[in-house]
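This document opens with one chain alone, in structure tokens, the form predicted alone.
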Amino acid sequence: MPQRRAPRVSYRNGEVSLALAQSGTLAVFGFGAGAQAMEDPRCLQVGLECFDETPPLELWQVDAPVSHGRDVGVRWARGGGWLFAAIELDERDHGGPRDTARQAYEQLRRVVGEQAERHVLRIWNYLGAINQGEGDAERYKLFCDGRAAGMGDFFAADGFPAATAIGHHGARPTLQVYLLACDQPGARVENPRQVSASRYPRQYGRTPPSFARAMTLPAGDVLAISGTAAVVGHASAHADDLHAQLVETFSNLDALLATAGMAEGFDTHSPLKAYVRHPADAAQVREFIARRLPGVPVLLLHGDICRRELLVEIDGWRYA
């Protein structure tokens, strides 16, 4: 079987209905409370506000016809060997962040595990008040407990996928999880500057975060980059210093590209997201990235990083 060409990911302005009508549309994402909601399972309203005056849509497209549907709360779309799947759960119906995460991952595991496209390559997690609570009772740590319980041994064969976990500021305590899977496995990429997240010491919770720093997609032509911040070894660096954290974050991005065997830097076909904790910092983050990566499409979103001392996190795609 020839290796699968990766979906094309881009940011577009325009109507959701027009994006969904385009050939090969696997998923369309709108951002913030003002994003247009649609019944189509391929359309997801992400609970993160965008700092752009007119937030663009994020569009995933494949070179094949796409079918779509719903399966007991899980929305899905498939085409050309690729699968988009997503679930949204209200914590008030499921007992808090731990039990909600367990339920979400159990349902995703069941649905994805029954598909030919069962190799999960990339996951996004958005939950409210991610830093609330102390010690093992912090909401992010409870989420990690529930995620691990829900996924069980599903990733035992392929290893953990690339992932992002960000806190949203929505009015409802909603957990959103969505993923990209394929009928062929990818290749995990770790960062030599960082301890593997699955091997974090006990101080980061009962259950270490379970993700790869990046994932090379099956054809080897695209790197899916996990949420990347100013972490060196396993420790946060430059607490509360935005500029220093941005510099460190880009050092980690450079290390990931080098480890994956890709040329340094990003181009106009490699979209990124920057999650910014404090709205007042958005302009500085935008200016820094524009100087460092001129012309690269970057979506700037208001989101809390999983460690409260970290101010910014970046993820995205690097096309060869």
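All residue numbers are counted from 1 along the displayed sequence. Because the structure is a prediction, the values reported are computed rather than measured.
Absent from the display: the form predicted in complex with a small molecule. The rest refers to it.
Judged against the small molecule in the predicted complex with a 4.5 angstroms heavy atom cut-off, the residues Val28, Trp76 and Val177 are out of contact without exception. Checked against the small molecule in the predicted complex, the residues Arg213, His119, Arg98, His168 give one hit for a heavy atom within 4.5 Å, which is Arg213. Residue-level contacts in the predicted complex: of Val231, Leu142, Ala86, Val222, one residue has a heavy atom within 4.5 Å of the small molecule, and it is Val231. Residues of just one listed stretch (178-186, 89-97, 204-212, 237-245) have heavy atoms within 4.5 Å of the small molecule in the predicted complex: 204-212. In the predicted complex, the small molecule sits beyond 4.5 Å of every heavy atom of Phe154. Shown alone here, Gly227 lies within 4.5 Å of the small molecule in the predicted complex, counting heavy atoms only. Although the partner is absent here, Leu311 sits far enough away that none of its heavy atoms falls within 4.5 Å of the small molecule in the predicted complex.
In the predicted complex, the small molecule sits beyond 4.5 Å of every heavy atom of Phe160.
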